[in-house]
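Below you'll find only one chain, the form predicted on its own, shown as structure tokens.
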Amino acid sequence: MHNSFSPLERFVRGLFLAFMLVWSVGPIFFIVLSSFKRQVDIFVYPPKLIFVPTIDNYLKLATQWNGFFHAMGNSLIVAIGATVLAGIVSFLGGYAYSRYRSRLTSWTAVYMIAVRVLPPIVVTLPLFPVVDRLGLSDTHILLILLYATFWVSLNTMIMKNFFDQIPYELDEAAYVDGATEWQLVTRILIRLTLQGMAAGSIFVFVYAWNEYLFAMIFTTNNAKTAPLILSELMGAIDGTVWGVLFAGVTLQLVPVVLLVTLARRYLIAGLTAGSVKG
């Protein structure tokens, strides 16, 4: 049977979707539009939708805050590194939790999720002296390890759900044909779980690209990321230059918006992993 909605129900649903669209896209539209406005025109009321665009804000960002682009490079290095590391560990962890079930693995899964829900600040304070003693402060590798570790637990569970949907009879058939366990994992199962790996990778990349707290505490100069420069723009001595700030935020948004838009089906697959059993 097909669900039928009355005209009033369709109107309410359409109104709700329109509200959610404005709620989600409205702030982004305002930021991007304002990045091409003069400072005096940004907060004028009523807002100007028709204006002469300018790229002065981007020029000022490049000349007066040239550290922003170096910080974006740091963000890219850290985000890619954390994504790759978390992807490898989560893939292997998901396989282990799916194929080697026991009371011990069940308890460790609960522990991983429990640690994941702790506020990040609770983890950073005891880590600070350890990081300082190891000489990892203000390094890319430290942020990569922190971000990957923070997401491994959730991504491992996502991968476990994908592995659970692959019948164990496939493993047995591969063993009968003479495949080793490593060959089974790297040649067969990896191809069947690419969708889950892609979904988890997107989560890690977006988090690492935008993360602020760990970067603020553990970096000073060499590994400083873009969100830190944006916070400095807001706290400038001579006041916040909103046009330049919005230009930086726009550039910061571009990679994430493109990634999420191009890979939205993988995100949906990751969010619904395990909800449908074949």
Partner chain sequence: MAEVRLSNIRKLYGKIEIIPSLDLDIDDGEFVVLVGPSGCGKSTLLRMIAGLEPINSGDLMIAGARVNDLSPKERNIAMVFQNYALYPHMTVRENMAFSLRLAKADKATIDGHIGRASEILGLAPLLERLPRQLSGGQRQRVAMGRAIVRDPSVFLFDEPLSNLDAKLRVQMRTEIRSLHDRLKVTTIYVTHDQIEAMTMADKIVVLREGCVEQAGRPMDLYSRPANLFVATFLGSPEMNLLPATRDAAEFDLGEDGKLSGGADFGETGPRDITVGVRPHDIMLKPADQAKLKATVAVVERTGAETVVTCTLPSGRHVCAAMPGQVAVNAGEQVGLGFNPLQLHYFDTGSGKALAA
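If you're wondering where the values come from, they're calculated on a predicted model, not measured in any experiment. Residue numbers count along the first chain shown, from 1.
One more form of this protein should be noted, the form predicted together with the partner chain, which is absent from this view; the next part is about it.
Screening S137, Q183, T124, T108 for any heavy atom within 4.5 Å of the partner chain in the model of the complex leaves a single hit, Q183. Checked against the partner chain in the model of the complex, the candidates V115, V206, L92, L192 yield a single residue with a heavy atom inside 4.5 Å, and that residue is L192. Heavy atoms of Y175 reach within 4.5 Å of the partner chain in the model of the complex, making it an interface residue. Of the heavy atoms in R187, some are within 4.5 Å of the partner chain in the model of the complex. Proximity of P167 to the partner chain in the model of the complex falls within the 4.5 Å heavy atom cutoff. At least one heavy atom of A179 is located within 4.5 Å of the partner chain in the model of the complex. Look at 167-175, 116-124, 144-152, 68-76: in the model of the complex, residues with non-hydrogen atoms within 4.5 angstroms of the partner chain sit in 167-175.
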